[in-house]
Ligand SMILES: Cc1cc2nc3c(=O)[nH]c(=O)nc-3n(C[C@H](O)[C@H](O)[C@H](O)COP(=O)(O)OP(=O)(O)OC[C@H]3O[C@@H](n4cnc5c(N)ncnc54)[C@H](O)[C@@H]3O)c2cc1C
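One chain comes next, on its own, written as structure tokens: the form predicted on its own.
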Amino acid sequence: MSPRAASGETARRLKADFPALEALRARDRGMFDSLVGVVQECAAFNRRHALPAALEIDRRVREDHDYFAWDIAEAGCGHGLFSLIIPERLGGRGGLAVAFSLAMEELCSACAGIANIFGAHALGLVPLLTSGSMAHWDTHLRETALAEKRGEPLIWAYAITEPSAGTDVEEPHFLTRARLSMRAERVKGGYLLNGRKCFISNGAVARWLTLTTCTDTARPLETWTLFLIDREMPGFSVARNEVKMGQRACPASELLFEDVFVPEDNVLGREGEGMDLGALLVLAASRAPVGAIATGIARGTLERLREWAGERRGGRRPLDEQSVQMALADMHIELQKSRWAYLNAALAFDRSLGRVLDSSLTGGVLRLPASLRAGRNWQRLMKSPLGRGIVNAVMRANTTGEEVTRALALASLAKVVGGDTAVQVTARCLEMLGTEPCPQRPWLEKAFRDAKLTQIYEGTNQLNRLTYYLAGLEGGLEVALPEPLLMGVR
């Protein structure tokens, strides 16, 4: 198929699967075409790299859980998968939650483990955007995009979970009672980090990490802080990789911090802003793509079940039976519910944060020469209280805590709907397959194992139900935007 024909087919499929995008196309053809381009690149990556390698990579990691397919990561560079959410003027594609969610559904229709390498990488980058840490954009974001263009994956990760505190660190009400095992101690020029983070996707292979922890275990909520971590910092090590049931291609690691010195400049936002900027706002951005991950797993499973049902056995096709047709219809209905849920959440997030990133001031800054923005004077300004206050003022002028809270509620809903749908659909497809050996069986079994994780990471589905209730129904949870303090004066 020619590139033009492939683009047309992708556009037709998106319009059929997402009627809301057809309305978007009528208002903003350029944005729609950009989304088509993203999905088309992901489909090409699947055909050329993910589908031929997925089962073999899954097998190798099962036998050696320290194995990582660097060749697959390098192949992702050629399709722009490491720079999807990096602003265009910094060398990326400039996508936000909608673009990334569509990308994750497409990638996960082939292999969720491979896709999660790029998903966890984007999650690691998100705090640089949500915290408004523009001082690091021209250094770290641009560096990541340039490395991708050289075919050298510079991978990121996001570290929040601790061995004795998983769900607790993702919700303010629980953090006050969490059994935390890690803290950052303020010292001259920065902080000393001690403790462990666990279940960190990409943790073993990431060059950079964004991490949240407290500076006072007696007041964790008030001192929860977001840090930028270089894996080359003395005292950092990977304790182990988990032995995983599903999504094996992307490692989940336990990370050890032993007197890791983090300079003051590597605080993203201000000390104590980590719950809102480093957790809630990040989860508002990431849970819609997790719903899309789950949707992609379910979609890939249904595609393979339809292949099986279309093959003749004893002169008959299962697909000709009305019971099979109704079962496929039921599962596609659930798939569409999942799609609508994650698209609604992604649109809500892009509306809130997108206005901040598209503001005249943000655009004006990005139009300045890169050499100026990376210079010492600019960096000093953006890391100062004045620079931080300006960024906070821009954020408050272009969105509200109410909008971001609504986006968090919808994202939690999307994550629940997607994860539960993926588990239910993959289980039903395996039941319909029965015990008969067939080429589709290894794919369906892998999809069933991959699907379960979507109910667990980015907050368990139980936590997400509580978050949806508190943020979307009861009003007991609100994301607080940082105060626009200028030179220490409100």
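Note that the coordinates shown come from a computational prediction; the quantities given were computed from them, not determined experimentally. One-based numbering along the sequence shown.
FYI, the form predicted together with the ligand isn't displayed, but the following is about it.
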property: Contact segment among 106-114, 75-83, 197-205, 351-359, judged by heavy atoms lying within 4.5 Å of the ligand in the predicted bound form; result: 197-205
property: One residue of 342, 158, 224, 118 in contact with the ligand, assessed in the predicted bound form (non-hydrogen atom, 4.5 angstroms); result: 158
property: Heavy atom within 4.5 Å of the ligand in the predicted bound form - the one residue of 398, 379, 215, 167 that qualifies; result: 167
property: The ligand contact in the predicted bound form: residue 433, any heavy atom under 4.5 Å; result: no
property: Contact of residue 252 with the ligand in the predicted bound form (heavy atom, 4.5 Å); result: yes
property: Exercise: residue 457 in contact with the ligand in the predicted bound form, heavy atom 4.5 Å; result: yes
property: Exercise: residue 236 in contact with the ligand in the predicted bound form, heavy atom 4.5 Å; result: no
property: Non-hydrogen atom within 4.5 Å of the ligand in the predicted bound form for each of 15, 308 and 444; result: no
